[in-house]
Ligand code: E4P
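A lone chain, given as structure tokens: the form predicted alone.
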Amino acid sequence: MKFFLDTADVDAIRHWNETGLVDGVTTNPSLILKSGRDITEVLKEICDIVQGPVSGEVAATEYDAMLEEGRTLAKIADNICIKLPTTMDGIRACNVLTNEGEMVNMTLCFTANQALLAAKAGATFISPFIGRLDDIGLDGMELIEEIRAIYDNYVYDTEILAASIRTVNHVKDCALAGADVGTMPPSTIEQLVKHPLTDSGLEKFLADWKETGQSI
């Protein structure tokens, strides 16, 4: 499974990119606001750091304006992925921008039917928001499984980009369900490697090594 960082924090992106674990980056208006920076400026800097897709989201909600904003974002860098809402206007804009050779990430997906339409429109990625479904008492992971089955049935190229990941168990379950990508904040990636038995085992090994009086 590919790992995307869900942040507009350039310092964090630079740090995690150096680990070799980062395959791309997703941003949204809320993350741009949190960064306190101009969207074009910050996206350009992120694209210079990361070789993989960097999602930049349009603010428009109507078809013509989505196309205009999407084309503007696409000029920032070759690895910009235009992020569109999964609405009918967004689906239409996706079809046009995809045919123009742009990468498109359809966001705010909450049903398998929405994912089916996005794939038919040629989306590069579909972003089901699993955490937000869990918040309202639904099973976000079930949605990943449904989309995986539909895409496999018809051999769609659209990649499932699991979004709104809240926990390390979300990451594991998405991988088991067959999500192609998981996008998550840096703090979640950091938690993936942690386990108390790893820490205690290392502490014991180091203590025993010290007792040997040796060095490597």
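Start at 1 and count along the sequence shown; that's the residue number. As the structure is a prediction and not an experimental result, all values here were calculated from the model.
Omitted here: the form predicted together with the named molecule. The next part is about that form.
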query	finding
Proximity to the named molecule in the predicted complex, single hit among Ser35, Gln191, Thr40, Asn28 (heavy atom within 4.5 Å)	Asn28
Answer option from Lys172, Arg148, Lys44, Arg166, heavy atom within 4.5 Å of the named molecule in the predicted complex	Arg166
Which of 129 to 137, 88 to 96, 74 to 82, 114 to 122 lines the interface with the named molecule in the predicted complex (heavy atom within 4.5 Å)	129 to 137
Members of 56 to 70 lying within 4.5 angstroms of the named molecule, judged by heavy atom, in the predicted complex	none
